[in-house]
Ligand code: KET
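Next up: just one chain, as structure tokens, the form predicted alone.
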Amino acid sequence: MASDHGDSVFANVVRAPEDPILGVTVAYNKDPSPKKLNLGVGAYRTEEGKPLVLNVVRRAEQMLVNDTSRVKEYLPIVGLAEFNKLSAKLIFGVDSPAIQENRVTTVQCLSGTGSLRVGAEFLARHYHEHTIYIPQPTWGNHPKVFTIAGLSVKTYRYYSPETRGLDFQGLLDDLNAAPSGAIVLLHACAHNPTGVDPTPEQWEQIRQLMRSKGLLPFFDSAYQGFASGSLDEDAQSVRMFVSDGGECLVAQSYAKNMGMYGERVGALSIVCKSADVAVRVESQLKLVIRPMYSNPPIHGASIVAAILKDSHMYHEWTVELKAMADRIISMRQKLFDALQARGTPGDWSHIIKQIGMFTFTGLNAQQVAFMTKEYHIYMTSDGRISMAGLSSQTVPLLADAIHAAVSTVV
């Protein structure tokens, strides 16, 4: 019998470092300062800095709770059929030929991360090329998800620190140099962490290059409707790749656009060449999911399905979604204006050019550390800030901190 900690069978387990993104919140929570500001977390906040539950989500949830015919039985391995059907329509469009021809298989997964992981496991087992190219930079969890699933992760150039915009030529050159058949991770819209997206014309060039080399697109769609305020506009990149008849994978999340972070609602869709292939692909996706978590949770998916299938609730959702997107866009403008007013050194136009929840400020790790120490402002060390964490009240504080940081810390 173990007499002390030294005899534990886990004695040589070393303490792992904090997740760099979630670690920001841990540090923020420990700070006693009344004026502290957390710009690290990727979750929407109201003008008052509070988490938001959409009215339409509350209404759908109440409707489900009041329905006494509902039970808590297991869902099938692939999840709630209605949710899957509606999710595919949301991302591919109601008139998508791929859906009409039954070439799409959609499975409910555990939000965006779970969808990526199931897709990665499927590719590791059934796709001939095990190299995936991810943008540099990308969301911190991407390389881990793909590596642990057994894929080899390489990067392609994406962001230019000089212009604080897209390194389009670098992107094209790197994809052109990728081996034929390689998998390429693409952010459908509102690239995380940079907020920099290709234009529709650039997307078309990317599509042509990828199809000519037989590269397999794997889209991560975490922000549909949340970037521009339009569900259709934010799905354009994905639809472009589907309309050419080629194959692709898409991971969807409802964390941001329905504010359902903790419900872990997501879907993985695989667009195939034929209905026959789609049936076989789905049969293998079940074999990936069954030993992983058996089947997904019912509650969140039922809320999403209730909203997507009811025209009134769907409309209410689009209005609330646009209001969230518009608030973030207005925070960008306010921050840009505040920096201009202070005569802050440098060009800050990238703040209003970038899109989505995050802004890649261009601040370096030393400047970030200075802002945390002197101004109690928390963000990831790469200078990424969540625009949703800002409000009209806190913009002046952030602008003061940025001004001081770039003026005093090189």
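It should be emphasised that the depicted structure is a prediction, and the values quoted were computed from it without experimental measurement. Note that residue numbering begins at 1 and tracks the sequence as displayed.
One more form of this protein should be noted, the form predicted in complex with the ligand, which is absent from this view; the next part is about it.
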### Message
I'd like to know whether Asn84 contacts the ligand in the model of the complex, with contact meaning heavy atoms within 4.5 angstroms.
### Response
no
### Query
Is Val41 a contact residue for the ligand in the model of the complex, using a 4.5 Å heavy atom cut-off?
yes
#### Entry: Heavy atom of Trp317 within 4.5 Å of the ligand in the model of the complex
no
### Message
in the model of the complex, does Ile21 come within 4.5 Å of the ligand, counting heavy atoms only?
### Response
yes
### Query
Which single stretch, out of 224-232, 86-94, 107-115, 167-175, brings residue heavy atoms within 4.5 Å of the ligand in the model of the complex?
107-115
### Query
So, Asn192, Asp220 and Ala255: all three within 4.5 Å of the ligand in the model of the complex by heavy atoms, or not?
yes
### Query
Considering the ligand in the model of the complex, which of Arg264, Arg207, Arg157, Arg327 comes within 4.5 Å of it through any heavy atom?
Arg264
### Query
Taking heavy atoms and a 4.5 Å limit, what residues of 125-144 are near the ligand in the model of the complex?
Trp139, His142
